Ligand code: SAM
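The chain below stands alone and is given as C-alpha cells, in the form predicted alone.
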C-alpha cells in the first residue's frame, strides 16, 4: 500500500522492537498499550501513515529516503523509529526530554544495529537554538505532544528552508490549524496543508498537518523551556 517492501532483516527488527517495548514498557513508562494487537495497530501501523502518499502535495515514501529527519517528543520512538526501520537510508534523530526513554531508545538502536540514528535527551526549546540542529532538518515530525500553536514553535525552527513539518493529529484539527496560522507564519512556514489519512491500518483516521518552511525562523524562537506551552503564539 505504501510502496515499501520489507526484507527479512527489517521484519526481524520490527519483531525485536516489539519485544523490547513489551519488556521495558513498565520500567520506562513507554506506552499505555498493553497487548501486541494494540502495539501493532496504534504504534507501528499507525506511524506508517506519516509515509502514506495521501495525494496532492503530500510526500511519498521515496521522497523521504536519504533525507535528515527529527522526531520531537518521540517517547518510545513513535513515529521516528518506525520510519527509520522502514526506510533505512533516512537519517533520523530522536529527541525526548525523559532520560529513561532515551536509554531505552539507545538499547533499541544497538539491538537492531541501526546506523544513521541519533538519540538525544533534551528539550526542543533548547535544541532548536543549537547550531547543527536549528534549521538543519528536511523533515520534522511530532506525534500528539501538544496543540498546534505550541507545536509550531517546537518544530518549525528545526526545519531547513524547503523542509517540511509533518504532524499526525486526531481528526477534527481544523480549529487548531486556524489557531496556529499566525504562529506558523511568524516562524517561517507557509499556510498549513491538512489531509485525512486513514490507511494503512484500522485505527480511526488521522488529520495529517503539513507545514513547509519558506523563510528563516526569527532568532528569538523557540523561546525558553516552558514558554511555548504557557504562552503560545496566538493572534489576539
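Residue numbers count along the first chain shown, from 1. Just so it is clear, the structure is predicted and the values come from calculations on it, not from any experiment.
Keep in mind that the form predicted together with the named molecule is not shown, yet the notes after this line are about it.
You can rule out all but one of 109-117, 159-167, 123-131, 84-92: in the predicted bound form, only 123-131 has residues with a heavy atom within 4.5 Å of the named molecule. The named molecule in the predicted bound form is approached by residue 78, whose closest heavy atom lies within 4.5 angstroms of it. Although the partner is absent from this view, residue 149 stays clear of the named molecule in the predicted bound form, with no non-hydrogen atom inside 4.5 angstroms. Among heavy atoms of residue 139, none comes within 4.5 Å of the named molecule in the predicted bound form. Contact between residue 153 and the named molecule in the predicted bound form is not found at the 4.5 Å heavy atom cutoff.
Looking at 60-77, the residues that come within 4.5 Å of the named molecule in the predicted bound form, counting any heavy atom, are 73, 74, 75.
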